[in-house]
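Just the one chain here, laid out as structure tokens, in the form predicted alone.
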């Protein structure tokens, strides 16, 4: 089986053999339809002889078609029959699942602990989430379950009210994603900055960067509190380049102290690191009817 993890900035691929990743490779995520077709052809050449393709994808999917939640990320894919394209490229069956949902399942299956009610959040280019409730992965009939990045944060970004790519105002993704951190920092400091530079400024004691990360941590803490009182979670696992950046989890835990005790939930780093989506996709797809 070939497993893919297709996100806003990269495409990762690996063979799934006996419950493990083998021959993992990665490419930048193309930004045009033609570049995507070229990358797809390159991946098919790189991994010949595949009998099944399972892809974890950002956004919404019903298992066959990909749809955008944030229209500003890979907008040319909205309504794209991705599973059919994968089947055509490899001449074998294919299946899709949201990337954060795949990661949530990977964290549940492969982690040292298996909390019955687990929320996985990825803070990265965007903000995604996946839910395991009563030991079962929840995706919903439209693939929407767990999309915590598009709940209202209750806070305004430091560069002012912001319309998220999903159409809502001041979503968690508009405050705490890597894209949001870069946008706010660039506006406030008047020079181009990326999320990595914001974290470097924070650790160096730069006041604006510190305010940005504190506000992002507050927004995440509020979202976790909302999810916890709604679902009675056992644990939250945090992943993604922003979520796993040094100091971020501690900042979120500190922000949680402002919440009533019953609204706080245990937060820990993702056990599977950056490959949670690939590993979760392998475990999930292996349990599908007809899977090799």
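Residue numbers count along the first chain shown, from 1. Everything quoted here is computed from the prediction, not taken from an experiment.
There is also a form predicted in complex with a small molecule; it is not shown, and the following applies to it.
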Mark residue 178 yes when one of its heavy atoms lies within 4.5 Å of a heavy atom of the small molecule in the predicted complex, and no otherwise. yes
Within 4.5 Å, heavy atoms only: does residue 195 come near the small molecule in the predicted complex? yes
Indicate whether residue 39 is a 4.5 Å heavy atom neighbour of the small molecule in the predicted complex. no
Even though the partner isn't displayed, in the predicted complex is residue 125 close enough to the small molecule, meaning a heavy atom within 4.5 Å? yes
Residue among 236, 227, 55, 245 with a heavy atom within 4.5 Å of the small molecule in the predicted complex: 245
With the small molecule left out here, work out from 82-90, 151-159, 196-204, 216-224 which stretch has heavy atoms within 4.5 Å of it in the predicted complex. 196-204
